[in-house]
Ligand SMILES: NC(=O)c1ccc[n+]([C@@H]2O[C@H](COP(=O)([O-])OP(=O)(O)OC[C@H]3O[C@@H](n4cnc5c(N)ncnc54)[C@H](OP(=O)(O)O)[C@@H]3O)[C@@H](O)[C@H]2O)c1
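Next up: just one chain, as structure tokens, the form predicted alone.
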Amino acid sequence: MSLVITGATGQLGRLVVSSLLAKGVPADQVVALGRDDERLAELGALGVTTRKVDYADAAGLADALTGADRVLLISGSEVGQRLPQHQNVIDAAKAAGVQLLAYTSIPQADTSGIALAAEHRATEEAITASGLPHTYLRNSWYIENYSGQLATYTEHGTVLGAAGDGQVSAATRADFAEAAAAALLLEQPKEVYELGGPAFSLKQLAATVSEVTGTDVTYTDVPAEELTKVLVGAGLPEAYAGILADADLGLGRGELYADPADLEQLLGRPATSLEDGLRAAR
């Protein structure tokens, strides 16, 4: 069976490849697609087949997916360009007659009001319209979104956000990657998996940061407009800062919440906790 991982040179994709190999999939059955030559070489050293291709390259994708049995479409990173790029993968997968197309989406993609959800929702609709057998892996936030900011939290003594008391079901990137690998190997995965770890609020995040680092950190809730200005001041482009602030509002509405059951079903174990994720990062 040929398992094709798109975006395999990204952080999530590389972990999916590693997880497949750890689960005993023969390396010659794994095909890693990506754009980064150095990272493709690293994957090739593991024995998997590698092919350099870009989501915008429809012809290259058609060649790369020839003979594929199952494909994991890891969502692209270029906000605003995702749908046409994903459509290229969908078209190539349909032409190849793949048995399963898995897609990394966002929680509650069909109803979410988060701006980032729009391209995910449109991609899911395009996959459904293609008639391909599919599964949607609706991943909540990465714990790494927060653990990567530990130094900032402790320096300023605060977690700044616009989420109120909303809860986010973040899990580690490795957990989401392992779940994706498991779904690819199931004979009949579910059509939709709402994936997330044990939920926490940003106030609980601040308390856990305090416990892990020994530094007092509190949560400061601000309007989304103010959060956007702070992020711009920290060097983020205004459009991206606005997207992050909007996501916090969605978090506050419960749109990044997912019951841990689906993730733990695929993992066959409890998901990594926030505390353990933060401690590992520290």
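The structure displayed is predicted, hence computed values, not measured ones. Throughout, we count residues from 1 along the sequence that is shown.
What comes next is about the form predicted in complex with the named molecule, which is not displayed.
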| query | Is residue 177 one of the residues lying within 4.5 Å of the named molecule in the model of the complex, judged by heavy atom distances? | reply | no
- Residue contact check: residue 173 to the named molecule in the model of the complex, 4.5 Å heavy atom: yes
- Should residue 169 be classed as touching the named molecule in the model of the complex when contacts are defined as heavy atoms within 4.5 Å? no
Residue 225 versus the named molecule, in the model of the complex: is there a non-hydrogen atom within 4.5 Å? no
Answer among 247 to 255, 228 to 236, 36 to 44, 212 to 220 for heavy atoms within 4.5 Å of the named molecule in the model of the complex: the stretch 36 to 44
Exactly one of 85, 135, 112, 123 comes within 4.5 Å of the named molecule in the model of the complex through a heavy atom, and that residue is 85
Checked 69, 63, 28, 54 for heavy atoms within 4.5 Å of the named molecule in the model of the complex; positive is 54
Contact check, 1 to 20 vs the named molecule in the model of the complex, heavy atom within 4.5 Å, ordered by sequence, gives 7, 8, 9, 10, 11, 12, 13
